[in-house]
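Below, in structure tokens: the form predicted alone, a single chain.
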Amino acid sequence: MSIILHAPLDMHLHLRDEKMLANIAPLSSHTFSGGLVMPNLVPPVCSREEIIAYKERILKAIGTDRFTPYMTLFFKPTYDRSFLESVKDEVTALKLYPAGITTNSEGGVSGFDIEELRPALEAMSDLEIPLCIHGETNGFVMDREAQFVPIYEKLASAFPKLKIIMEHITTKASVEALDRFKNLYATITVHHLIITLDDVAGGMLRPHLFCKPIAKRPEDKEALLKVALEGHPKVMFGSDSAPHPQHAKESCGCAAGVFTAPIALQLLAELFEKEGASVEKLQAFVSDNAQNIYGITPSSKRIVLERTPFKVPDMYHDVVPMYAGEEIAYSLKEVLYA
């Protein structure tokens, strides 16, 4: 049995920089037509020059692969209209991080005072630049995303023309917010469609499944599955594939992130088949919805997956993937260009 996916997109992707970028970027560019690249480097991507330079480094790393890096800028409330106009043609979105809430987010937003944010967000609305948000508070870890939903609602109400993407949602509360506001959208990872907190810490601790936002309860996973499997038009795939060297994951103070880039499409094919969802719904989730939401046209690429067991490598360079050493149902057969 084979599945063909057209121009798959990863709308939340970490490619890092330097040696890690060189090692990891080709694992996404081989099978995806494009990816929304996160800006939380050290230091973060905050200027037009930094966007252009980072994009050039990505293109060098991927070589001849047909892949579009859709660039993002690290959001700061101090950005004015003139600055946003100057970067509009270089970015697909701006990414807002609450300060200190996840990897390399120390320079993020410390408060969500609407009047403080208004100049930048109104300019983004007028310029039609979407805002992606890592939506967590600094409360109890299992409640952080649900506690952030009222902030999403406040922003969606105050800036009704601003496209707001709730990144890597993990809760039923976030799913329910989707249909309450016309301008709210969401990305969902493959790992949050598969695992719950029990898989991370219910038995022996599994550091390579630890991420932020942390995996939640079974009822949350079921809510995510429902909208993904039905091809909900406001939901799209974003892997949040987050590579860290093995020593940073298997240590005291384990780094947050699940690395899925090389196997994401295979895992999704297996999951959608298991749940009885059609290939058309999978196509919507991995590409069509993102094209409609962001107004992008990715490069032509067809990915052929076949139902042949594939043993996940123990390591990709110095990064341990999800399901390392285990067998998954689908393999990558070929990549075709039109």
Ligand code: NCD
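The first residue of the sequence shown is number 1, and the count goes up from there. Just so you know, these numbers come straight off a predicted model, no measurement behind them.
The same protein has a further form, the form predicted in complex with the ligand, not shown here; the description that follows concerns it.
Peer 1: Using a 4.5 Å heavy atom cut-off, indicate which stretch of 200 to 208, 97 to 105, 77 to 85, 158 to 166 touches the ligand in the predicted complex.
Peer 2: Stretch with heavy atoms near the partner: 97 to 105.
Peer 1: May I ask whether Asp10, His30 and Lys301 each come within 4.5 Å of the ligand in the predicted complex, counting any non-hydrogen atom?
Peer 2: No, none of the three is in contact.
Peer 1: Consider the chain as shown here, without its partner, and state which of Ile129, Ala256, Ala248, Ile133 has a heavy atom within 4.5 Å of the ligand in the predicted complex.
Peer 2: Exactly one residue meets the criterion: Ala256.
Peer 1: If the cut-off is 4.5 angstroms on heavy atoms, which of these, Ala242, Leu265, Leu121, Ala186, is the one near the ligand in the predicted complex?
Peer 2: Contact residue from the list: Ala242.
Peer 1: Heavy atom to heavy atom, is Lys221 within 4.5 Å of the ligand in the predicted complex?
Peer 2: Lys221: no contact with the ligand in the predicted complex.
Peer 1: My question is simply whether Lys212 lines the interface with the ligand in the predicted complex - judged by any non-hydrogen atom within 4.5 Å.
Peer 2: Judged by the heavy-atom cut-off of 4.5 Å, Lys212 is in contact with the ligand in the predicted complex.
Peer 1: At the 4.5 Å heavy atom threshold, is Asn40 in contact with the ligand in the predicted complex?
Peer 2: Yes, Asn40 lies within 4.5 Å of the ligand in the predicted complex.
Peer 1: At a 4.5 angstroms cut-off on non-hydrogen atoms, which residues of 2 to 34 are near the ligand in the predicted complex? List them in order.
Peer 2: Residues within 4.5 Å: His12, His14, Arg16.
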